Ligand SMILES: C[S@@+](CC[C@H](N)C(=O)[O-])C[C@H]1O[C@@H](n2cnc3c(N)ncnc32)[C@H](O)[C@@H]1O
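Take a look at this one chain, the form predicted alone, written out in structure tokens.
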């Protein structure tokens, strides 16, 4: 696998900026925003699974106001803007934001996009949105106080009839061996409680990737010789693709990632 192990000391702004400088301009930028150090075929599979899982919730009408938190290189922002949405994308990394602007320009949707560097936990745009979207963002916020602040900030930017869509690693049964210094898989109940405390009401809970093969092999990849690790990853990815494509929406309880869809409700608890 490419890249280095996760850093011992995790400074989010530094980590994501360094990762963006290395990978954000490369192809679709998936190595910057999906799985660090993994081959292109793996990240393409991840991206397709996310596209399938999110598709029902990204069918926004023209003129919809969208906030894309942790927007990265703008893959969701550009897609939503192409549908006619007015998109605001925020990210910690200046290089990610520069790439998002470039890609929006190339896609011909720059007029419907604005991007800015911002910390989600302290976000205050003085604006409300019809859709607040976060894809694998909260799983990288390790500090509990920052996590709660990020959820409050997203809820505070939601219009009265707005919808919040989150895709996060949220298995029913936690497997701590998959955690790292930059990533934390939290239970679904944890996210549901965070949302409840922010006055958000669950509208839908969907699956993404119920096939267990990749989750089982990932913690051991770096211990294997390179060729063996690459072969094992290719085999488990190939086996996962049809299972996830066919069963993701029906096998929600077995899915490693989940799509949470919330509606605005009451006010946040402190």
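Numbering follows the first chain given and starts at 1. Remember, it's a predicted structure, so these values are computed and weren't measured experimentally.
Beyond what is shown, the protein has a form predicted together with the ligand; the following relates to that form.
Residue contact with the ligand in the model of the complex: residue 196 places no heavy atom within 4.5 Å of it. Mapping the unseen interface onto this chain, residue 136 counts among the residues with a heavy atom inside 4.5 Å of the ligand in the model of the complex. Although the partner is absent here, residue 140 sits close enough that one of its heavy atoms falls within 4.5 Å of the ligand in the model of the complex.
In the model of the complex, the ligand lies farther than 4.5 Å from every heavy atom of residue 110.
Of the candidate stretches 99-107, 154-162, 184-192, 84-92, only 84-92 has residues whose heavy atoms lie within 4.5 Å of the ligand in the model of the complex. Only one of the listed residues (260, 256, 16, 23) places a non-hydrogen atom within 4.5 angstroms of the ligand in the model of the complex, and that residue is 16. For the partner-free chain shown, 96, 118, 119, 120 of 96-123 come within 4.5 angstroms of the ligand in the model of the complex, judged by any non-hydrogen atom.
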